[in-house]
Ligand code: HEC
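Encoded as structure tokens, the following chain is the form predicted on its own, with no partner shown.
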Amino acid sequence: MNLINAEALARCIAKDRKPESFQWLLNGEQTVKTVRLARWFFHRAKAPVLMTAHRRQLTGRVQSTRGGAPGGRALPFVIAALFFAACRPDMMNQPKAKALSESDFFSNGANARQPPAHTVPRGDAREDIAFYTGQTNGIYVTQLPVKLTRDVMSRGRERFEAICAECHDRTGSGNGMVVQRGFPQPPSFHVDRLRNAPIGHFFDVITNGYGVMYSYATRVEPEDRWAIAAYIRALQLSHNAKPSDVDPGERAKLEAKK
């Protein structure tokens, strides 16, 4: 009986169909509990058998080296070799499948399964619609759904300059390096249409793409998309700021540096 991954095989067998040819389980379908018990007995019995065989082999070699045999000096090496040979390399040489490779484990030839329908990963239910879509009842949100902090702004700037600036440039004017080399130019963030756009619009564009811009949903996490959207809004405010918009105390410091 092949007990490697037997527990996983037992879990894969559905009650309404026969086991496939690769499922070498004793007496047909077995429960996970039965497989665990059998595997435990198997490993408990395997170790003494291996040790007994090695002891017999060792005894024979020791007797052959007695009486001044030429191989007597090699005895320590023989003992060391037997010691290391007794180590089981199961954890090192266990069967495994590489990602996206073919396998005869399942009938469709794949080595993995799609998640069951109507299930989500633990902790990823995404119940906050506004946070994960940028919309509420089909309307873009106008307020940042996360707390605005210095760390959020710093993260937004770092992600914007790493991911967005090649097209939009660091100021958001739409004259990035790839645009200078022939890529279609995106609109400037500082035109009235985008200055007046709700912040949820920028999150939606990053998520789903727009025009020649493809989706970044698999490349940028939702938290980082909001951080980028917040930084875009900061770029817009700074680009169109007036001296009167600055706090008087901060404005005095800036003027003193001139």
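Counting begins at 1, following the sequence as shown. Every value quoted in this text rests on a predicted model; they were computed, and no experiment measured them.
Another form exists, predicted together with the named molecule; not displayed. Remarks below refer to it.
Colleague: Just one stretch in 117 to 125, 143 to 151, 176 to 184, 104 to 112 has heavy atoms within 4.5 Å of the named molecule in the predicted bound form, so which one is it?
Modeller: One stretch meets the cut-off, namely 176 to 184.
Colleague: Even though the named molecule is not shown here, does R195 get within 4.5 Å of it in the predicted bound form, heavy atoms only?
Modeller: Heavy-atom contact with the named molecule at 4.5 Å: absent for R195.
Colleague: Against the named molecule in the predicted bound form, would A230 count as a contact residue? Criterion: heavy atoms within 4.5 Å.
Modeller: Heavy-atom contact with the named molecule at 4.5 Å: absent for A230.
Colleague: Going by a heavy atom distance of 4.5 Å, is A130 a contact of the named molecule in the predicted bound form?
Modeller: No - in the predicted bound form, heavy atoms of A130 and the named molecule never come within 4.5 Å of each other.
Colleague: Is it the case that F202, even though its partner is missing from this view, gets within 4.5 Å of the named molecule in the predicted bound form, heavy atoms only?
Modeller: F202: yes, in contact with the named molecule in the predicted bound form.
Colleague: Need the contact residues for 134 to 169: heavy atom within 4.5 Å of the named molecule in the predicted bound form, sequence order, or none if there are none.
Modeller: If the 4.5 Å heavy-atom criterion is applied to the named molecule in the predicted bound form, 134 to 169 yields I163, C164, E166, C167, H168.
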